[in-house]
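One chain comes next, on its own, written as structure tokens: the form predicted alone.
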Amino acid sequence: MAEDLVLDTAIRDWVLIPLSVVMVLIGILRYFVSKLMRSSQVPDPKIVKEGQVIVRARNLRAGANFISPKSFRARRVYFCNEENGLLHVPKGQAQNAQAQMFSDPNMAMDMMKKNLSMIIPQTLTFAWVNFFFSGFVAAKIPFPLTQRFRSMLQNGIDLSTVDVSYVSSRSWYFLNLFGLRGLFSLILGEENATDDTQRMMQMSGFGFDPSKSLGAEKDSLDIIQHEWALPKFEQRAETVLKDLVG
């Protein structure tokens, strides 16, 4: 049976609050450090143009039924023509994103700076938390949880009799690490460099490959079935008016 614990107020004052404040301050400091280390790069006009083409093609697919069949076919040929279509990428011109990264030393250096700005503060903060606050029960969640959450919320506490709703100091560190995105968005704005979840996902990637996106958009535009919605507007309006009158 799970036991109810009475948490000392000193744990709140000397563990919970300091740990939360330090995590927020480290996140803000890392944002400004990443901003200073970020090099100003001029975007490649070709990549910008290809991105705009993809956006236009998606808008065409989204509003295809609101233009006439003739206009839609003309636009689809303009985008998907095998000779000079905007979405057509010749086989010899397809770029490899990994080769592009290794050929550009600035891109590799920026990626290394971003990874270091994330790994070093996290390593030092985790060592600090593990040394000073290991073994504390820092907080309690005000709603019941199942046993599946025990390993996530009670990291560093090997007591099966403690209720799952209690959170250890080490687990509180991880909750702050991945759960402060909304707070950082309010403080630093939407475009901030403190999103660790997105940063970890980007560590395994090597950049944007426009040729794959162009090919996928071309395939999606080729298979779309056009059905002009204008001839049915009168029938829909008539049905709506009959329902209102009736």
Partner chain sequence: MVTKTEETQLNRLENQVDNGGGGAWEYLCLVKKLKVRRPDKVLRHGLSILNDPKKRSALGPDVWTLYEQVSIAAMDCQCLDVAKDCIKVLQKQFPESKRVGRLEGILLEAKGLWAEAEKAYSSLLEDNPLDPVLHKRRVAIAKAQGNFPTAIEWLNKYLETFMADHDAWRELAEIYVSLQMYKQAAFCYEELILSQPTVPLYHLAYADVLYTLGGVDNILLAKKYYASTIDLTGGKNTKALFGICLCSSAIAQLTKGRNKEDKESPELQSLAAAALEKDYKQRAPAKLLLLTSALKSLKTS
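All values reported here derive from a predicted model rather than from experimental measurement. Just so we're on the same page, rigid core means the largest C-alpha set that superposes within 1.5 Å between forms. Positions refer to the first chain, counted from 1.
Only in words, not in the display: the form predicted together with the partner chain, which the text now covers.
Asker: So which of 215 to 223, 52 to 60, 177 to 185, 26 to 34 is the stretch with heavy atoms within 4.5 Å of the partner chain in the predicted bound form?
Answerer: This holds for exactly one stretch, 52 to 60.
Asker: Can you tell me whether residue 9 touches the partner chain? I mean in the predicted bound form, with a 4.5 angstroms heavy atom cut-off.
Answerer: Flag for residue 9 set to no.
Asker: Hey, in the predicted bound form, is residue 115 touching the partner chain, heavy atoms inside 4.5 Å?
Answerer: Residue 115: no, not in contact with the partner chain in the predicted bound form.
Asker: Report whether the minimum heavy atom distance between residue 130 and the partner chain in the predicted bound form is within 4.5 Å.
Answerer: No, residue 130 is distant from the partner.
Asker: Answer with yes or no whether residue 13 is in contact with the partner chain in the predicted bound form, where contact means some heavy atom within 4.5 Å.
Answerer: Heavy-atom contact with the partner chain at 4.5 Å: absent for residue 13.
Asker: Is every one of 109, 111 and 227 within 4.5 Å of the partner chain in the predicted bound form, counting heavy atoms?
Answerer: Verified in the predicted bound form; spot residues all out of contact, no.
Asker: Would you give me the residues of 63 to 77 that have any heavy atom within 4.5 Å of the partner chain in the predicted bound form, in order from first to last?
Answerer: Those in contact are 63, 64, 66, 67, 68, 71, 75.
Asker: Taking the rigid core as the superposition reference, indicate whether the CA of residue 26 shifts 2 angstroms or more between this form and the one not shown.
Answerer: No, residue 26 moves less than 2 Å.
Asker: Could you check whether the CA atom of residue 72 moves 2 Å or more between this form and the one not shown, using the rigid core for the fit?
Answerer: Yes; residue 72 is a residue whose C-alpha shifts (by 2 Å or more) between this form and the one not shown when the cores are overlaid.
Asker: Would you say whether residue 224 is displaced between this form and the one not shown, judging by a C-alpha shift of 2 Å or more on the superposed rigid core?
Answerer: After core superposition, the C-alpha of residue 224 moves less than 2 Å between this form and the one not shown.
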